[in-house]
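The chain below stands alone and is given in structure tokens; this is the form predicted alone.
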Amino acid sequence: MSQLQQRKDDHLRICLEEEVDSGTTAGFAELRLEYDALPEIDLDDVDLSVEFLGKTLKAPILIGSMTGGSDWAGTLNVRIARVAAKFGLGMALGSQRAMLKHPDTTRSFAVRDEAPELPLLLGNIGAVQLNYGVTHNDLNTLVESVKADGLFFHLNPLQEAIQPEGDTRFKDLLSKMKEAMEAMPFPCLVKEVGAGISERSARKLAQLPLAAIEASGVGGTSWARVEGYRAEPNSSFATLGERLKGFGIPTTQAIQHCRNAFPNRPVIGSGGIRTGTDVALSIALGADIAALARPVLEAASQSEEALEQFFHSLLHELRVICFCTGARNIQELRNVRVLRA
């Protein structure tokens, strides 16, 4: 197994076995949606479906970027894709850089071969890799070889700075991202990985021809902390991972920053989203859909059936919230008032 493939398995193991939360609230606990005791709709009237990037999702859910690049990761990706297809949800892949170094790992990302009815599949590459030799042809290969519908460029300077083998050459990246996105024949998106998009970052990213942006705020898994676990005990990397585990922009703020900077383009809320209530609040704060990852990983690591049960529960909760706020659909949910708890 290569160092890159081993890193993928290390990430999975740490996320499943260690305490990797940021230790900082995403902001949802301080908020609530305005309850309507007279909603004037039936529960059966609620329609959770949305249009996103030209695709119809049965609920406003994207399974967030997680993994790929090893046999274990491939098994989990197939399991997740099958459930996503069954529920009509979108799915984003973990970083596909391993495919460029080790083409045989492509099978761990090619989930459409096992779940052809998956309505939306998004590829993923670290934006910083544009400064390390990744070409436009490489980007096309990543998307075409897994039959994806678009590509995420993820931004993760904090993670890379704490990762012992991290790639930290972020200079002049905005112009290179713009050039790459303009050359691509498919939708391009940007996301953080759990430290959030600030107001300043959102304004810079709004200059790009992005199809959508994902907030990826603080409040869920801390990749600074994950990399700290991977580092040698008592090393500076391990210390930084713990000290900076909650560094960044909380999810509720990151969603609003993205919406303000992208008034007419889709926003994905993510970062510590665990429940249907979190999804609903994300949408009421300005997101079009919400992404969640670690709860999906935890259920998928048990079984496909456990993951199905997770989504049954989450989507039922979201439907009840829509009913009890008088929202017939996701568009109406966006107009529900958010109150301080």
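Each residue number is its position in the shown sequence, starting from 1. Note that this is a predicted model, so its numbers are computed, not measured.
Omitted from view is the form predicted together with a small molecule, to which the following refers.
This chain lacks the partner; the member of 253, 105, 129, 221 within 4.5 angstroms of the small molecule in the model of the complex by a non-hydrogen atom is 221. With the partner omitted here, the residue from 248, 150, 94, 74 that has a non-hydrogen atom within 4.5 angstroms of the small molecule in the model of the complex is 94. Using a 4.5 Å cutoff between non-hydrogen atoms, residue 274 counts as a contact of the small molecule in the model of the complex. Within 4.5 Å of any heavy atom of the small molecule in the model of the complex lies no heavy atom of residue 267. Residue contact with the small molecule in the model of the complex: residue 295 places a heavy atom within 4.5 Å of it.
In the model of the complex, the small molecule sits within 4.5 Å of a heavy atom belonging to residue 124. In the model of the complex, no residue of the candidate spot (60, 281 and 315) has a heavy atom lying within 4.5 Å of the small molecule. Of the stretches 199-207, 140-148, 180-188, 221-229, only 221-229 has residues with a heavy atom within 4.5 Å of the small molecule in the model of the complex.
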